[in-house]
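Shown here is one chain on its own, the form predicted on its own, set out as structure tokens.
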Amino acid sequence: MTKHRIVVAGCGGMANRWVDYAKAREGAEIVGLVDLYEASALKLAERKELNVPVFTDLTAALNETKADLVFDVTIPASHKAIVTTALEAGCNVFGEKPMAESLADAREITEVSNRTGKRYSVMQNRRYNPRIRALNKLVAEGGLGQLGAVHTDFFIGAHFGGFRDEMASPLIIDMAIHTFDQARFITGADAVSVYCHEHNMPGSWYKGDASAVCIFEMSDGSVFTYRGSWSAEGFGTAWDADWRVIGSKGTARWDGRTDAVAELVDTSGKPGFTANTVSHTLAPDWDGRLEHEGCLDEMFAALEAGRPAETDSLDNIRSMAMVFGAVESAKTGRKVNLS
């Protein structure tokens, strides 16, 4: 097994989970910490018992440590600079979502990845759940027939405080990337256009619009709709959202918490005004680890196999396009083409 020498860029709270993962993984070694504030790096080193050098400059860290892999857990505004610097230096990068702060930056990153031949894999932890994997398998194997529509609800009254309260589009920019990426994963299709209307609930504690309705046309001919709010009090959905997936052979539902279920058309009997259906519980059979650990397992497996990870930036940019297309549509009041 290849021994990966890892520099961690960004030493705030998000770094804790990434460091814990690397410390527990055979074939991985943290060799340096980077943060604009040296004190933050020193605190992380002490907290995680890491006897490694700390830096305030990524280039210096890579030159001194001879790292081959960078964990980017900096704030989104820093992702482009961190990732492109690491790629240009010959390192692969694993990083937190979003892959960049703008679609233009994301495209520039993918150009650098293509040119250098180095991979940038993005954390999309909500794919790594046995229940969404079971739903993806049902669709991929044709169990629902030809997909016609996917409808998703996401309603949580999230009192974060801090920077999200001041964002212009907190729900779409900071959260919807998860649900949009899940929709691509479940359907195996990409979005080709979007119409989005953003608004704010009465009594919302967000300065920007924290609620939205989106209609996406997908590349397989289906329609994906998203209704969401971060300031809807009561009857909150799961963070994984509430899903209805409709195809020519029936419908699957997943509440984001329990096993998904499907009602499939029963063709053995005489059809009536409505079709007879047979209910099936989608028993999970995926035995990978959950959430962050599952995504990081896939990133390392892909790196060691010499293939793009499932959430490689060349794929993830399609989920990013959904986010920024929705923002543009909300601002202009028009449908936006994404292809």
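Because the structure is a prediction, the values reported are computed rather than measured. Residue indices: 1-based, along the sequence shown.
This next part talks about the form predicted in complex with a small molecule, which is not shown.
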property: Answer range among 32-40, 274-282, 308-316, 293-301 for contact with the small molecule, defined in the predicted bound form as heavy atoms within 4.5 Å; result: 32-40
property: Contact residue in the predicted bound form, chosen from Arg107, Arg164, His151, Lys249 - any heavy atom within 4.5 Å of the small molecule; result: Arg164
property: Position in contact with the small molecule when the complex is considered in the predicted bound form, options Gly143, Pro76, Gly157, Pro130, heavy atoms within 4.5 Å; result: Pro76
property: 4.5 Å heavy atom contact, Asp242 to the small molecule in the predicted bound form; result: no
property: Proximity of Lys97 to the small molecule in the predicted bound form, heavy atoms at 4.5 Å; result: yes
property: Close approach of Met123 to the small molecule in the predicted bound form, 4.5 Å, heavy atom; result: yes
property: Non-hydrogen atom contact Met322 with the small molecule in the predicted bound form at 4.5 angstroms; result: no
property: Heavy atom of each of Cys11, Ile82 and His178 within 4.5 Å of the small molecule in the predicted bound form; result: yes
